[in-house]
Every structure is written in structure tokens, then in C-alpha cells.
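In the block that follows, a single chain appears as C-alpha cells, in the form predicted on its own.
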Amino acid sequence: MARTTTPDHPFSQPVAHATTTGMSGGGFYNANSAAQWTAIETILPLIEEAIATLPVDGTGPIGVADYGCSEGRNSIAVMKHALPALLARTERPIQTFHSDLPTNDFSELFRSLRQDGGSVFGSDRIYSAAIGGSMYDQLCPPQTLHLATTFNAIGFLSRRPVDKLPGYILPNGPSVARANGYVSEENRRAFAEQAKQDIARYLAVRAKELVPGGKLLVEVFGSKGPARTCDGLYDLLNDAVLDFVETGDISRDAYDCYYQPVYMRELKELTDPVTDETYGAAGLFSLDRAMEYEIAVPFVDRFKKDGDLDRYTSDYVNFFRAFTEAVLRAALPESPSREDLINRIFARAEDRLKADPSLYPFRYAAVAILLTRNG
């Protein structure tokens, strides 16, 4: 499934409070994020609930921000759903912010926001802008936002809590069924603690930006009982990478140092920093809603219906390549053959999946909270 990749652009250096340079650009993430949209679409009623009680009295613009917009497809779709209800509640102008890392490819977002010379949202009262920065930092002036959202992006940790994860490429460890690696209990605890600290930091900086009574919606892939969004796909990527360790294309030390800085939270791990004084964010927000759920994965359902194995393997691998490729690239030594090796790794993942799809079943679980800024 080789695809054309572009070398790292000049702004792809590490960003403070970030462990990736972003999702794959050039339209690739937009084209391979239908599953993420399904997870977002499920909780759109929470946005409707939030808008119904937003404080909209006063003058000046109403601020709405989405953190982790990537190339904009899903971020814009969320805004399109939310903004008509907000326009109906106020005559004030509305300022939308679409934020991601400075290393993010914003080109598709910019093209989509201003189609045919006008706002994609269809109102002359809506003004849009993009912000480059880590969502773990304050990115907007104090008390200028009324609604803030993030979808999936907070699954990426702000820092690597350990230097090496030698037994597997994800801190949650392999699926029980596959058991193709290990993560020590000590390392598991380090990642779980980092994940809670990240939520607390995110809450603290959003609390500065939001007006009293403002709403914050946080959604992220995670775990719900036996369903873990990491199972299957990271087993597959881990197996593919290990194939190249065995051939010598990737050194054992490089494998030991490489892991995806992503943590799959359970719902309690998402809600604890809201109320637990240990993390320094307790009292900033009231918890309106907390939910865990599982979605039907579009490419999995399609395969069950049509049995098209070629399409399934391509869709499945492209889906996770879109959010794992940047971290994998950074973990491999810089060389003229690095891009070719990356293509070969994902092609190998397709081969493994096609050979036996039953080894890599995929389920998509998510957790979400809706909060109100106190004060």
C-alpha cells in the first residue's frame, strides 16, 4: 500500500509539551478519519446541551475553540453542527478557533474554511482562525472562550514518561488474545499517572481561557470493559515493526526506545483530575456528564458486509497510519532510506492483516466528559 510521503518539513522539530508532530498531512488524515467522526457524532447531543445553557449576554465575540483539529475535516463538521444553534441564541459575532501543533499541516483546514471567498459556516457573523500550539498550554486570552472541545487529541501525552518501553510499542500493552509483547507494571503506572497529569494541565489552561459558565467537552479513544481501542491495530503495527527488527533494518535499541506516546484511558481516569485535589485542577470545573461508549467501525462493518479483503486491509492500515506515522518516523534514525522503510513497514502490516484478519480484530471504545467552568 505504498503511498507517496514527503520529507519532514522545516517546522517538524519537537514542540514543547508534545510527543508527536501531528497527524499525516496532504489530505491523508482527512481521508482516513471516518471512524473518529463516528465517535464524535455519537456525542453531538452533548454539544447541543452545552450551547443551550452557554452564557451569551454581553458584548464582543463569542469564542468557540476546537483543540486538535488536524486537517480540519472533523473539526469543521463539529462547528457546522454547533454554530446554527449558537447563532439562534445571540446576535453577537462568533469567533471560531481551530488549533493544533505548529507542525500540523493546516493547508487543508485553510482551504476548507474559506471556500468561494466566504465562510464555510455560511454566516457573516462567524469569523475563523487557526492557532498553532500545544493544547497543554494556554493559547487564547483569559476569559475569551465560551465553548471549547477536543476530540481524541488528548490521547497523545504531553511528554514521554519513560525513555524505553522494550516489550511493546504502546503503554497499555498488547491485547489479551494476541499477547505479542509485554509492559511492566511499573511502566503502566508511570503512563497512567502521566495521563492524569495531562488532563489536569489541560483543565487548568482551559479554565483560564473560558468565561465563568463556559463549557468544555473532552472526548478521547479509550477503554470500556473488554473493548480497548488499542487492541488489534497496535498488535498489528508491533508485529510489522518486529519483522524489520528481525531482518536488521531496525536495531533492537531503536525498537526498545520506540513507542507510541498514547494512553487509552478508562472513564474514571478521565474524570479523576476533575475532582481529585492531588492533581491541582479540582474545583475549576463542575462535571455535567460522563460517558463511555463503543461505536461501530465503518471499515469493519463494510468488510462484514462485502468481504472485500483488499479494501479492508487498505482501510484498516491507512486508518492507523494516519496517526502513528509521525511518531514512527521520529523514532527511526535519519537516513536516505527512512521513507522507504516506513512504507515497507505499513505494507508489511497490510500483508500480515491480509494473511489472517482474525489475529487483529478491532473495536473502538471512547470516553467523554462535559464540564462547566466554575466561578
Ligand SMILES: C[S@@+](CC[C@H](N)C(=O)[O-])C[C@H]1O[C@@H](n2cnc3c(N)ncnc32)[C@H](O)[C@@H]1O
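Numbers follow the displayed sequence, beginning with 1. Treat the numbers as computed from the prediction; the structure is a model and nothing was measured.
Same protein, other form: the form predicted in complex with the ligand, not shown, and the subject of what follows.
Not one of Leu236, Gln260 and Glu325 is positioned with any heavy atom within 4.5 Å of the ligand in the model of the complex. The partner is not drawn, yet in the model of the complex one stretch among 271-279, 246-254, 100-108, 176-184 has residues with heavy atoms inside 4.5 Å of the ligand: 100-108. When the ligand is considered in the model of the complex, only one residue from Ala207, Ala153, Ala240, Leu83 comes within 4.5 Å through any heavy atom, namely Ala153. Though the partner is left out of this view, Gly63 does not reach within 4.5 Å of the ligand in the model of the complex, counting heavy atoms only. In the model of the complex, the ligand sits within 4.5 Å of a heavy atom of Tyr29. Not displayed here, the ligand is kept clear of Val317 by more than 4.5 Å at the level of heavy atoms in the model of the complex. Heavy atoms of Phe191 never reach within 4.5 Å of the ligand in the model of the complex, leaving it off the interface. With contact defined as any non-hydrogen atom lying within 4.5 angstroms of the ligand in the model of the complex, the contacting residues in 66-95 are Gly68, Cys69, Ser70, Asn74, given in sequence order.
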